[in-house]
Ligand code: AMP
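Below, in structure tokens: the form predicted alone, a single chain.
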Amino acid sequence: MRFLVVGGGAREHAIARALELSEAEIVVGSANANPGLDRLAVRSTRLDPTDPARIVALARAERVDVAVIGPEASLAAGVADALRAAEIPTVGPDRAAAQIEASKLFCRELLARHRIPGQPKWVAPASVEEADRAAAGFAGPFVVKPSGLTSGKGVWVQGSDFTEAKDGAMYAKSLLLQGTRVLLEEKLEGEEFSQMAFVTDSGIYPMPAVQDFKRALEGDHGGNTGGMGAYSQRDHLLPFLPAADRDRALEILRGTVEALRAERLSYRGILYGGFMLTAGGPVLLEFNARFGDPEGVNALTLYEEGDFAELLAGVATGHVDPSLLNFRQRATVVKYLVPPGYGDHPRAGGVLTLDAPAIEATGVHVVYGSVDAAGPGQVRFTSSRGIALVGEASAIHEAGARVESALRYVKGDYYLRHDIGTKEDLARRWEHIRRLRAPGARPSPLPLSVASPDAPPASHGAPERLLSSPAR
């Protein structure tokens, strides 16, 4: 089969790597010359990934069998609609269904109409006067979210990005005055996790759970970013995430897909739920309509050889064989090498020199992000994330240590978060949930048992059932 991969970041490189293992032919349409993608592609074309007509022309010229859309901006621009109109099976929802990510207001209103559980208190002021009243109406801290796409960087959290409620209201009003709809949501206490699933007419098919690190600086300080890295555990849960809570998150995904279908919005693609595990269970923070970045890199690194092309073709055409969901029982850690100042004032143009074969020989994968080729063994930073280094091992901290060891083969001016996947950080997050759910701390209808950091798979039960059959 021949696949068109739209997009030029690490997410798309990870998709292409998994397709290559299925011996698929890969055509790339991207704005940048990603060296990893270009090496895998039979044809790589520079184009605007939000230009539906150009992408359809490329797909037709290259006679592709299936198109896979990586970036959210492409989905919001209607690229999937145009490809399907040209009778090209596509992994990625049409623009109307992709509003689940492109419009946070659409998402919250949809879930409210269909009474989907696991939602925070939220308000969507339509004027600056309403913004003041909405901010004053929260008994505790709140979060300000632009309704549209922000690449993970537009959310302001009270206590991190602003202190007083009036400052949050001011930010909300500034967005409204720019013509941007905005949501105010209660600030939740807990640990964030990501649950992705393949979605098509025959059901939802879960991937391993992942924890992403949004803040730029170690210890979860600094501004929000697109994601500095992520980890997954070998039992496909997380150190602080019991199977029962993961099941409840999957029920929210399943209910959301049913709500979309009830409103005659077909969904063939990836649905990614960003959740907060609270004392009372998982609460939905947001949906994305595509593979996460870096979360998709974690999950796709674990995909077994031989049938990813068939799996994606099944998503695109409406029916998935559940036996194709094959993820290794291994832990992964992704750490992003980013330009200095990334998050607030990234310095683009810097050159990294890396010995990719030597890195791969250590068992660490090199996944190229938003970089351009700059010569043999060299890449040039854009203003976004550059190189994702992916460690794989039997335990999370071991996978993280492998990434750290591989840094000796990288030269240049870059930044990364060293704390991702360390024993200390894992213990801190597990202890956070333990304290939050301790008897008497806060009412909780859920089991209070959580595994210790890097616990063996048996500590969480048998999530393999969810990973090898469609959710009903």
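This one's a predicted model, so the numbers in the text were calculated from it and none came from an experiment. One rule holds for the numbers: they count along the sequence shown, beginning at 1.
From this point on, the text means the form predicted in complex with this ligand, which you will not see here.
Contact annotation for His365: none of its heavy atoms lies within 4.5 Å of this ligand in the predicted complex.
Although the partner is absent here, Lys145 is a contact residue: one of its heavy atoms lies within 4.5 angstroms of this ligand in the predicted complex. At a distance threshold of 4.5 angstroms between non-hydrogen atoms, Gln378 is out of contact with this ligand in the predicted complex. This ligand is not drawn, but in the predicted complex it has a heavy atom within 4.5 Å of Lys214.
Residue Lys187 is the only one of Lys173, Arg84, Lys187, Arg95 with a heavy atom lying within 4.5 Å of this ligand in the predicted complex. When you look in the predicted complex, the only residue of Ala165, Met276, Leu149, Ala401 with a non-hydrogen atom within 4.5 Å of this ligand is Met276. You can rule out all but one of 391 to 399, 368 to 376, 188 to 196, 86 to 94: in the predicted complex, only 188 to 196 has residues with a heavy atom within 4.5 Å of this ligand.
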